[in-house]
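What follows is a single chain, given as structure tokens, in the form predicted alone.
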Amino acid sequence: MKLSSKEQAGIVILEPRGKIMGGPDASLLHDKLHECIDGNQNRIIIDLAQVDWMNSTGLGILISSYTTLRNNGGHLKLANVTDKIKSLLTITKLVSVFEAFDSVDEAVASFK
């Protein structure tokens, strides 16, 4: 997995690419989230448009990210959730935990 980030309207948008499978991926996303929290940036969107696949460890990374942000007064939202990942969220009943949007712009607008 590769991870890039940008900011839009004061909201951090994380853009992982590839597969989210754990290992170094977990620490990469975890470190970036803590960097954001330490910088008082606690409104974060994860844009999943370029994520090919995610396994249970990848789901754990998302859950951990969500919990970390919530515990620090923040919010995590998902954008561009692919059909594969949407079915994974549905099967695990996490679809009711995460706020998911069809586009980054919709996710950004939901913070207002």
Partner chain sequence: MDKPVITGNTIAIPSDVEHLADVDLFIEGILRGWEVDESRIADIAISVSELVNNAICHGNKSTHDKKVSATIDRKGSLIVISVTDEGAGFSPENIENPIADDNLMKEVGRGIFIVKSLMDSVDFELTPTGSKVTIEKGV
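Values in this document were obtained by computation on a predicted structure and should not be read as measured data. Numbering follows the first chain given and starts at 1.
Here the subject shifts to the form predicted in complex with its partner chain, a form of this protein not shown in this document.
Heavy atom within 4.5 Å of its partner chain in the predicted complex: which of Gln41, Ser64, Gln50, Asn72 fits that? Just give me the one.
-> For this set of options, the contacting one is Ser64.
In the predicted complex, Ile45 touching its partner chain (heavy atom, 4.5 Å) | Flag for Ile45 set to no.
According to a 4.5 angstroms non-hydrogen atom cut-off, is Leu59 in contact with its partner chain in the predicted complex?
-> Yes, Leu59 sits close enough to its partner chain in the predicted complex that at least one of its heavy atoms falls within 4.5 Å.
Answer with yes or no whether Gly23 is in contact with its partner chain in the predicted complex, where contact means some heavy atom within 4.5 Å.
-> Yes, contact at 4.5 Å.
Any non-hydrogen atom of Lys19 within 4.5 angstroms of its partner chain in the predicted complex = Within the cut-off, so yes.
Which residues within 81 to 95 place at least one heavy atom within 4.5 Å of its partner chain in the predicted complex?
-> Those in contact are Lys84, Leu88, Ile91, Thr92, Lys93, Leu94.
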